Ligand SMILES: NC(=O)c1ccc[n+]([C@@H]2O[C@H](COP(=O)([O-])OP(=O)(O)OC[C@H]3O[C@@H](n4cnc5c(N)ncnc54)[C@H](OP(=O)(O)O)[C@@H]3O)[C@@H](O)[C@H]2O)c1
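First, one chain by itself in structure tokens, the form predicted on its own.
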Amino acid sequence: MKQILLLGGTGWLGQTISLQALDRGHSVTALARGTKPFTPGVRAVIADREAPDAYEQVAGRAWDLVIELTDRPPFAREAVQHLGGSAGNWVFISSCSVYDLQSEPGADETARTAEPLPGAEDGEDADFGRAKSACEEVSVRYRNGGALVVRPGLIGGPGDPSGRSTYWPLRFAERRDPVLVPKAPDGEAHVQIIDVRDLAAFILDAGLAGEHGYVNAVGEAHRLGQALEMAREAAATVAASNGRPAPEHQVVGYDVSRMAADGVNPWAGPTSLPLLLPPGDGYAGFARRSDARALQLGLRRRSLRQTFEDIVRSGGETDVDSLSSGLTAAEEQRLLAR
């Protein structure tokens, strides 16, 4: 049994890591403000990381693994100063948003990263990529290189609070017809989703194994059209497994060049076409990052089709109108009418 400390741990990824670590028989402690529920079975340490005694209850212990999830550089710096010397292994959860450019397909971990926020800046409400870049820098420096920096791409799966990975499979699971899908120029739109459960398992495996350095933890790259077809197939498969006829949808292609005029957003959020990146070459590499090092370090991934099926199974009768991303029924109908 290993002693694992999560700094944070009450969000979606942190909860998933906690559940998997507990299932493996490890002892898990999570330090957080307590504004969200802790995972049952986790030792909860409620602390304000802005307070001078924030780490008093967890300092001085020989943690086998510390997992840091913050995007605030002062938190990352103070945590590694207080705990880094006694931790056997250290993982900082960063993001592919740290990269300075998102335009090069296949770029690996050696690609240039964004300029870190200056030390005096706290990162709250600051540029996310630069804040994560600063957190990376202090984590690696204070550990003398003895830290694993995991850079996830788009995280998806059942329970995705952003709605980015859940909208399409749940939309195809609905009986409402027709379905409006983005019609993007061939070759421009890609999707690269890593299932939150696979990411959590990789963080634990690589962290406890003492891996160091930087690694892109990303899903397999697919064209957007392929991903949408997998979402459609997943909805049909789940319906059949439940003894129901598969939804037979008419699919209507939406010209994405009309998005600005129609008030439709790319990627995520209200009135959006989830997973569709903004047009142009600037994002040509965003969903096509190299996964070679992650696979070398043992990342195991389920198929995107399986992730979509699990989303439909767990989503039940979830109405897409309730999701944080996508089109409501009324918005979709408005666009179809045009």
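All residue numbers refer to positions in the sequence shown, first residue = 1. Not measured: the values here are computed from a predicted model.
What comes next is about the form predicted together with this ligand, which does not appear here.
Using a 4.5 Å heavy atom cutoff, 32, 132 and 153 all lie near this ligand in the predicted bound form.
Checked against this ligand in the predicted bound form, the candidates 69, 304, 311, 42 yield a single residue with a heavy atom inside 4.5 Å, and that residue is 69.
Contact with this ligand in the predicted bound form, defined as a heavy atom within 4.5 Å, holds for exactly one of 288, 293, 26, 49, namely 49. Residues of just one listed stretch (224 to 232, 92 to 100, 257 to 265, 109 to 117) have heavy atoms within 4.5 Å of this ligand in the predicted bound form: 92 to 100.
Although the partner is absent here, residue 326 sits far enough away that none of its heavy atoms falls within 4.5 Å of this ligand in the predicted bound form. Heavy atoms of residue 61 never reach within 4.5 Å of this ligand in the predicted bound form, leaving it off the interface. Although the partner is absent here, residue 75 is a contact residue: one of its heavy atoms lies within 4.5 angstroms of this ligand in the predicted bound form. In the predicted bound form, this ligand lies within 4.5 Å of some heavy atom of residue 13.
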